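Presented below, as structure tokens, is a lone chain in the form predicted alone.
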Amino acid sequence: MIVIILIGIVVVIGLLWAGSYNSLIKHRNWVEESWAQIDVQLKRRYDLIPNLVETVKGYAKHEKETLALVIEKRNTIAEPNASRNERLQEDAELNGLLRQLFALSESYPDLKANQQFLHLQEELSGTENKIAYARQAYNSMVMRYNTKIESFPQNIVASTHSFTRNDMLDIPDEEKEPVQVTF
């Protein structure tokens, strides 16, 4: 009778262990999927930038420095060996350059009215919104995953199988500053 009870306890513990392990795997995969969504949006923006640069080049021939920096940052983000944090840092710098590029349109009324430029500007704005949403979803998934691996009894399973915390994405300091609106 005692043997049957011990076997029953071992089976229950094994089932709980397997359930916790599978849950941790599921949460880790959600984090990875959330990161992949950010990557997809960054790639989308990466593909839009050459069209935008070509459109602006015709109007702003002497603004080559800004255009060259945008292309350089675009190419740096595509580095396959860059870490997530490096890619996000480059992305933040690219955001600043794109704002600078759109500010150029104020100096070129013809560019501002060009349908292709407007279309690209809308596409990039939509992509920026999708990137922001994907970052928010990623942070949410990371928070759930980190909570899971730190909660009892999953923390025992997590430490046994080397599940580690993921870092949430930070907003760059320049994006935290208040927006200046002038009329």
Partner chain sequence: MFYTQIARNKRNTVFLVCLFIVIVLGIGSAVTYVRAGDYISGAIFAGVIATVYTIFMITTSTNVVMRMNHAREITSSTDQAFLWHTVEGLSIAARIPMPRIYIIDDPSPNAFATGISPKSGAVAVTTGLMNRLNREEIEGVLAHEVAHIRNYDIRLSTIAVALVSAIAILSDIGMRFFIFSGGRNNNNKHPLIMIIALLLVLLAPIIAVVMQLAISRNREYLADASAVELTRNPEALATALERITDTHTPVEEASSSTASLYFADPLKKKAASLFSTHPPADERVRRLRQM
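Residue numbers count along the first chain shown, from 1. Predicted model only: the values in this text are computed from it and were never measured.
Omitted from view is the form predicted together with the partner chain, to which the following refers.
Q: Though the partner chain is not shown, can you say which of 148, 28, 130, 45 has a heavy atom within 4.5 Å of it in the model of the complex?
A: Among 148, 28, 130, 45, a heavy atom within 4.5 Å of the partner chain in the model of the complex occurs only for 130.
Q: Name the residue from 114, 41, 66, 154 that puts a heavy atom within 4.5 Å of the partner chain in the model of the complex.
A: Partner contact (heavy atom, 4.5 Å) among the options: 41.
Q: I'd like to check something about residue 119: if you look in the model of the complex, is any of its heavy atoms closer than or equal to 4.5 Å to a heavy atom of the partner chain?
A: Heavy-atom contact with the partner chain at 4.5 Å: present for residue 119.
Q: Examine residue 50 and determine whether its closest non-hydrogen atom to the partner chain in the model of the complex is within 4.5 angstroms.
A: Close contact is absent here: in the model of the complex, residue 50 is far from the partner chain, nothing within 4.5 Å, heavy atoms only.
Q: Would you classify residue 55 as touching the partner chain in the model of the complex, given a 4.5 Å non-hydrogen atom cut-off?
A: No - in the model of the complex, heavy atoms of residue 55 and the partner chain never come within 4.5 Å of each other.
Q: Residue 141 versus the partner chain, in the model of the complex: is there a non-hydrogen atom within 4.5 Å?
A: Contact with the partner chain, yes.
Q: Can you tell me which residues in 12-43 come within 4.5 angstroms of the partner chain in the model of the complex, by heavy atoms?
A: Counting only heavy atoms within 4.5 Å of the partner chain in the model of the complex, the contacting residues of 12-43 are 30, 33, 34, 37, 41.
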